[in-house]
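The chain below stands alone, shown as structure tokens; this is the form predicted on its own.
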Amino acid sequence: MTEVWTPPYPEPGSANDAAFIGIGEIPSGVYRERGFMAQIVEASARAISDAQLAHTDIDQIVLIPCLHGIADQADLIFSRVAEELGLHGRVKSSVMVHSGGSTSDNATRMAAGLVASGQARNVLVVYSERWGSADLQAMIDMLSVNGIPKEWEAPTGLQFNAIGGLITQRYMHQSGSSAEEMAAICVALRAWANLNPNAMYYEKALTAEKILASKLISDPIHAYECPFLADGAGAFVMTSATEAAKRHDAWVRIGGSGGCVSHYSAGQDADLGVLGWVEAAKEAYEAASWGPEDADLGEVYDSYAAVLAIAVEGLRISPKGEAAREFYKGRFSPGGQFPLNTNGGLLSAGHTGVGGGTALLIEGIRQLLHRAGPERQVPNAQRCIVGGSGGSYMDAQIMMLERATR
């Protein structure tokens, strides 16, 4: 008989209750003049300033990896960031965490653990990506190899757009969703991006007619339903609730989390129309003692429309089979009942590689800190569900974020 384990989550407001106190972000898009390390320094400086700290207050750095080049990745591994931030000789460690698109959730767990265990006072988590400016063929080659089993799936020509197509076909078959309803997901995300000055497509509208008239890339996915590769960077700072209360009236805490690793090979997942979201949600909701009916908004990984629809249903934000139709009816659009991916998501704010999930997490923190600005701030937001997924949607990771006040 398997023993039931109840995670010992910290008491809210205690010294081992980890708190998000600052965020920083620069615009996503194609910015060939911006340097990789310059992006890191700018995003970090903004986050540290937002946290009302000096850069010398940071004693741990947790890095989100980049995928545009081995040399820059190596610089991250070998502590260049500590030196660029003037923290060499000061920080205890500079370390990378990597689980693809769910890295933000796992980096948060690591940062929170460092705070809770007393091994860090102020942790800086930062990402920088250059997917928009990188060599396009190199990116295509990378996305055709990484995460694809070489023995069984690579010989068939499977790559990430093909996986997106397979998942979309499965979802549309199970839910009976139409092409117009699937396109409505991208239209809703673009409407949010049109309210976000940092989004890649801040100033460009998108309609279902334009999506469905665009080139078919991987049946049934059209060109405007594929993620757009972008440059970008973002960062956040975590400390303890007791430290947060010294400088801030409000901060964001982790009410609970859940996770499920469902596969490595897409062919080994039991059902591509479900993935790991149901199991992860059960764990997260039990840990937090609240669920989707109590949440004010969600920020959920969305590299393809069906990936988001499947997650929304697994999280029980939508009934099974109804997510695309609810997008079509406007439930998740600006002004709708349940704000979702309020930065525009990967599909319209820009896909910054591993950083795409981190951008969604940062947006969730921003909303709960009430710093999203008048156009897209969710009124009086108190609770946010954040979801990430990595590789060929190998896992589902959930953070239950709560606003806390002094």
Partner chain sequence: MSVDTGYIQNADELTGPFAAALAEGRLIVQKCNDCATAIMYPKYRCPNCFSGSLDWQQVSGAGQLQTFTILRMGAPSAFDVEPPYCIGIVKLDEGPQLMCRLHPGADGTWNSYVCDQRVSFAPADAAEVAQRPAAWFTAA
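Numbering follows the first chain given and starts at 1. Keep in mind the model is a prediction, meaning the values are calculated, not measured.
Keep in mind the form predicted together with the partner chain is missing from the figure; the text below concerns it.
Proximity of residue 219 to the partner chain in the model of the complex falls within the 4.5 Å heavy atom cutoff. Although the partner is absent here, residue 289 is not a contact residue: none of its heavy atoms lies within 4.5 angstroms of the partner chain in the model of the complex. Remark: residue 269 counts among the residues lining the partner chain in the model of the complex, judged by a heavy atom distance of 4.5 Å or less. Using a 4.5 Å cutoff between non-hydrogen atoms, residue 247 does not count as a contact of the partner chain in the model of the complex. Between 315-323, 277-285, 210-218, 176-184, the stretch whose residues reach within 4.5 angstroms of the partner chain in the model of the complex through a non-hydrogen atom is 210-218. Only one of 242, 146, 119, 156 lies close to the partner chain in the model of the complex, with a heavy atom inside 4.5 Å, and it is 156. Taking a 4.5 Å heavy atom cutoff to the partner chain in the model of the complex, the contact residue among 110, 96, 162, 82 is 162.
When contacts are defined as a non-hydrogen atom within 4.5 Å, all of 140, 169 and 265 contact the partner chain in the model of the complex. Of the residues in 309-346, none comes within 4.5 Å of the partner chain in the model of the complex through any heavy atom.
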